[in-house]
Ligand SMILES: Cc1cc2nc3c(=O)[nH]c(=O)nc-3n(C[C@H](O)[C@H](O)[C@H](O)COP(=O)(O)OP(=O)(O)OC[C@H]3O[C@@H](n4cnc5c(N)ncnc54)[C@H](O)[C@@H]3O)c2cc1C
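Quick setup: one chain, the form predicted on its own, written in structure tokens, and binding and motion questions come after.
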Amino acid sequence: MQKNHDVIVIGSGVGGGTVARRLAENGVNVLVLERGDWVPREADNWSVASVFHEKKYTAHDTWLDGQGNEFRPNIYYNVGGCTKFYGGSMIRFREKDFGLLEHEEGISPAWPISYADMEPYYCEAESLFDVHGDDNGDPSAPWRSKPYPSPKLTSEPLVQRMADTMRRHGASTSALPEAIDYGPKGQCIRCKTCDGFPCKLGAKYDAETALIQPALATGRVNILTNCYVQRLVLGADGKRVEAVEVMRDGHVEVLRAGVVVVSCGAINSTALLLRSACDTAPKGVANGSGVVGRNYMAHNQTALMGLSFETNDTVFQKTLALNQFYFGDGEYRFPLGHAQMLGKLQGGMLSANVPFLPKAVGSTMARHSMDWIAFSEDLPDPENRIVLRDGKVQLAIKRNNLKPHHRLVEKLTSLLKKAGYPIVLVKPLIRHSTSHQCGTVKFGVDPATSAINAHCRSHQHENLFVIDASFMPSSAAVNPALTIVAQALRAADHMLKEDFRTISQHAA
């Protein structure tokens, strides 16, 4: 392993992976620290029992809810982070999402950057993940300077029939942008195991396949797995991170680099900054403003199962999005949100989440269901916090902005019934939610009200960056992964220019 690294990146998810790849491709030596290990490609990758019942790949952490009760979070520690288990959706935030948006229960604040600032990086991010898409039929789609790198994924007959029926009832569906290796030379076989499963074929573009592996191929990146970062160590004046203290193989090690990038995810980045408190940073590293850990967001989410007597023989179901009501429905002037199809639910997946449901009943329901998930924006609230309590992570949060979410779910329920699914079951997914986590290390212009600047550099510590979904001042209503990648590219280019006095060869 190289001894001299220019940058230490903590975390190998989409934030850290993007930074590592971008810097390495421009001549910078990077050390990536990952608290987990590689996810092996094995039969259990596609086993409902292993993934959903045994939770083989889920972290064995114990966290606390707002009342102090323990729970096991649905979080993953491995190379590639949570994207190893995501559904491959790579969606741009809408242009209006970057400005101030009024909701019934409050305000979604403006960002310190605009959609125009991010747009060229969105194009690059889509290219890195070979996103398949088409904005036709999406009334909320933002402008784009380049087309999607790959054509949209076609829908199987039953899914297309449902879309046609919805369109006749005034709701236009569109192609769901998906990051998969599909095409004449691709590895994807369009199976049922995207959402929630790791891909046994490596055909889902995630942070490992699209970012870490290409970064390692440059020869300028090393990765240490099973390496837990205990704290950041500041210099005597508190202006720089002088070292990173890690626990590895039962031993404490101290690692150093000129630049340190924290990319652990919104919750664990917060935990690391808070437990790094010291004399020069008594409230935690990068927390002079007191905002670290505040404004936690994780979309209001509800899964829907439309049931009919007809058997749904669709295999690859995750092809459609519904953004007809993203900014309102005509009668309700506030934004409602986004809906997308789920990967085909299987019986064991249902019984894993509904313990008293007999497996046979769950399997029968799954064979006759059409499956969706609805997302609505939750609003930043400084009292929705990630804190440390007796050394454990605590999610002290209260849900908000639920009225528009319920309205969106009602809209989608009605459309499914009109499309031939007379029974629609709904399941809110908001308890202990860590999916789409964001907002806890807010970026902004004013050091008094934000932790990091518009390029994700700490206001207080000149060589520290926090690059993951924690930078977001609002959550919009779509998957954050593509926006994390785009901002990480933007921040890495800034780093190259300001810290390494070079211009990215791939600059947007």
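Note that residue numbering follows the sequence shown and begins at 1. Everything quoted here is computed from the prediction, not taken from an experiment.
Another form exists, predicted in complex with the ligand; not displayed. Remarks below refer to it.
- Using a 4.5 angstroms limit between non-hydrogen atoms, residue 10 touches the ligand in the model of the complex.
- Put simply, residue 343 is far from the ligand in the model of the complex: not one heavy atom of it is within 4.5 Å.
- The closest non-hydrogen atom of residue 31 lies beyond 4.5 Å of the ligand in the model of the complex.
- Proximity of residue 26 to the ligand in the model of the complex falls outside the 4.5 Å heavy atom cutoff.
- Relative to the ligand in the model of the complex, residues 234, 284 and 294 are all farther than 4.5 Å at every heavy atom.
- Residues placing heavy atoms within 4.5 Å of the ligand in the model of the complex fall in a single listed stretch, namely 220-228, out of 390-398, 363-371, 113-121, 220-228.
- Out of the listed residues 421, 98, 325, 76, 76 is the one that sits within 4.5 Å of the ligand in the model of the complex by at least one heavy atom.
- Only one of 413, 289, 435, 172 comes within 4.5 Å of the ligand in the model of the complex through a heavy atom, and that residue is 435.
- Interface residues of 459-484, taken as those with a heavy atom within 4.5 Å of the ligand in the model of the complex (partner not displayed): 468, 469, 479, 480, 481, 482, 484, in sequence order.
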